[in-house]
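Below, in structure tokens: the form predicted on its own, a single chain.
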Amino acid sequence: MNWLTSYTNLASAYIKINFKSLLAYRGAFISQMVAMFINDFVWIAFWCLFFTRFPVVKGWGVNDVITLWAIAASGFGLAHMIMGNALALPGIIMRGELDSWLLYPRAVLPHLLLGKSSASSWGDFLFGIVVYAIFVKPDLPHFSLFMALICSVAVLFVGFSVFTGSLAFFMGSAESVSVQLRIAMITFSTYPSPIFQGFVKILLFTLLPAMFVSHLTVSALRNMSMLDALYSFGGALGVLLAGIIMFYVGLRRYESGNLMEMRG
């Protein structure tokens, strides 16, 4: 419990510092948030138009797709508004910029991930909550489960970003590979899960774990299934554990960039 309390306090301190840093350039921060909000809304509008022509797609209706987009956007946003450096991890490793983070007495990965907040991710996070509340109109139990599942999706995205970013330890320049894998993960996470069958579905539960977002979370909310919610959390924790192992195994291969820098 002392360990958990200590790292919770650490995360809280970083969130406050990062938020104040974003507010130092308030105009840029707000514009990025609004731009991401509009970008996400365009996709919601597309799916709404699609379902006016095809009301049901293999058992899914427009509310299911709105729920999926809301939870995926908010989960991705929560992950990277708190741990924004997960997106920049391959570049940090490749340029030898881990040196300053290795000076801290605590585990290096939490400090590194918490060290930056992604401004556009705040827009993703707010978008999902607003859209779910306005269009789906959930009752209190559904909204409470929705907020819990956002945390599950956030854990999954952090774990996946750490895993793909840690490829830089083994491949050198892995930024393009990491970006492409992240785009694929987001893409498959925001399409109705019933359209994927057979071997593709197996891949989306393993190598590219998008089904833990696109299938289990929607199923949990549709049926108020605690079992599906637990499966979602279990899968997210598994991906996070894989990312942590990948990072620390790769860290043994890290070559210093000889940067003389200390972060306060």
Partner chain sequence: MSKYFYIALTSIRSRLAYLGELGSKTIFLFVVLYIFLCLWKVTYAETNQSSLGGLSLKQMLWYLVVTESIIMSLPTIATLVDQDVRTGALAMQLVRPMSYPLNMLAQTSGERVLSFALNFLVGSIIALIFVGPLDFNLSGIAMFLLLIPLSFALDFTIYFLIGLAAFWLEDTTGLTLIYSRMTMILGGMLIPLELFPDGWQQILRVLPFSAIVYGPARVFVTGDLQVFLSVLIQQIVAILVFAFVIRIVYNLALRRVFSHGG
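These figures come from a predicted structure and were not determined experimentally. Numbering follows the first chain given and starts at 1.
One more form of this protein exists, namely the form predicted together with the partner chain; it is left out here, but the text below deals with it.
query = Do Phe135 and the partner chain come within 4.5 Å of each other in the predicted complex, heavy atoms counted?
reply = Answer no; every heavy atom of Phe135 is more than 4.5 Å from the partner chain in the predicted complex.
query = Would Met226 show up as a contact with the partner chain in the predicted complex if we use heavy atoms at 4.5 Å?
reply = Contact check for Met226: no, nothing within 4.5 Å of the partner chain in the predicted complex.
inquiry  = Whether Tyr231 contacts the partner chain in the predicted complex should be assessed with a 4.5 Å heavy atom distance threshold; does it?
reply    = Heavy-atom contact with the partner chain at 4.5 Å: absent for Tyr231.
request  = Please run the contact check for Val42 against the partner chain in the predicted complex: heavy atoms, 4.5 angstroms, yes or no?
outcome  = Yes, Val42 is a contact residue.
key: Segment assignment from 216-224, 232-240, 66-74, 47-55: heavy atom within 4.5 Å of the partner chain in the predicted complex   = Heavy atoms within 4.5 Å of the partner chain in the predicted complex occur in 47-55.
key: Contact set, 173-195 vs the partner chain in the predicted complex - heavy atom within 4.5 angstroms   = Residues within 4.5 Å: Gln180, Ile183, Ala184, Thr187, Phe188, Tyr191, Ile195.
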